[in-house]
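Just one chain follows, in the form predicted on its own, and it is written as structure tokens.
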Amino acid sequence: MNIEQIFSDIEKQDPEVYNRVDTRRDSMREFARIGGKIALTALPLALGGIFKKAYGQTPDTVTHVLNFALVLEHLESQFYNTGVSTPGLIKDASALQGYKIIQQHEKEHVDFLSATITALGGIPQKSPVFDFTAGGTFPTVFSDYETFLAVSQTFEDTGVRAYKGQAPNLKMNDTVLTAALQIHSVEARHASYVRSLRSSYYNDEKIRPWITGASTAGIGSSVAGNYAGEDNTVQLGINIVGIDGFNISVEDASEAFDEPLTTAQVLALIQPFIVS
């Protein structure tokens, strides 16, 4: 995240942002200039103090959304911590390295969201206790690589849809919205990577880096709910199948967009993985 760019974007919308924060315009400009060097973990604290001073208390909606996202990040972070540390589960060295990168990303997301919530005056959601077998639905999740891949794909695909569903609730805070959409982008790359791993493992080109229709990509009915609605082909009231005479199939149209999930939908989907 580039803090200089954040200030630049905000100044375009509010030329008086520096005066709102501090009458010493030059010192604030200097802070913005060097801000690109601030560690990611320190950035939320800096931004939280600055923007609370500039614009007042952060709306509860923002911290609520961030805490909702934090639960998802706790889920993924602990899932990958266990998966990566389980001997012999991920035998392919390249895949193991890829999952270690994802593991690190998820930890960074947890740290970032926790720090941001605190900086905005909220209390970060503590991690629930998870059961990654989902009550026995995936009993071999950490002993069978195929099952691990399947659950990994489902978590990542669901995370992408969850972040998209929350974006409208963050519109009142451009800084937080930008950060959330950056995480959304990272989750999308995770999903694409995991799907590519599954495609290579099964030597199945039908498992694509993106979601096609409401297909689970071979995982089955146990995760059908995570993909429900992804076969939508209507955007902004317009059916884009064959739009303007172009050869756009139903599959093409469904692949072009990830469909958002509401808070209630996501909580229902992850509930089987939560013990308390």
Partner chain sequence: MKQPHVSSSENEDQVQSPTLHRRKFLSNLGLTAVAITGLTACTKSETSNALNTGSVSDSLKTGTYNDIDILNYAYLLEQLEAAFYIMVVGNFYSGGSSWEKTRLAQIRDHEISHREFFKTALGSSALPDMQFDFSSINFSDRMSVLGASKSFEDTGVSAYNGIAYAIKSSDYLTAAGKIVSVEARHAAYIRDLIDPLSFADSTIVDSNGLDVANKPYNVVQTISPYLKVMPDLKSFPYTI
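Residue numbers count along the first chain shown, from 1. None of the values given here were measured: they were computed from a predicted structure.
FYI, the form predicted together with its partner chain isn't displayed, but the following is about it.
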Q) Each of 167, 171 and 259 near its partner chain in the predicted complex, meaning some heavy atom within 4.5 Å? A) yes
Q) Does any heavy atom of residue 112 come within 4.5 Å of a heavy atom of its partner chain in the predicted complex? A) yes
Q) Applying a 4.5 Å heavy atom distance criterion, does residue 101 contact its partner chain in the predicted complex? A) yes
Q. Heavy atom to heavy atom, is residue 207 within 4.5 Å of its partner chain in the predicted complex?
A. yes
Q: Using the partner position in the predicted complex, report whether residue 214 sits within 4.5 Å of its partner chain, counting heavy atoms only.
A: no
Q. Its partner chain isn't shown here, but in the predicted complex which of 118, 178, 137, 81 has a heavy atom within 4.5 Å of it?
A. 178
Q) Though its partner chain is not shown, can you say which of 133, 127, 86, 196 has a heavy atom within 4.5 Å of it in the predicted complex? A) 196
Q: Determine the residues of 181-198 with a heavy atom within 4.5 Å of its partner chain in the predicted complex and present them in sequence order; the list may be empty.
A: 181, 182, 183, 184, 185, 186, 188, 189, 190, 191, 192, 193, 195, 196
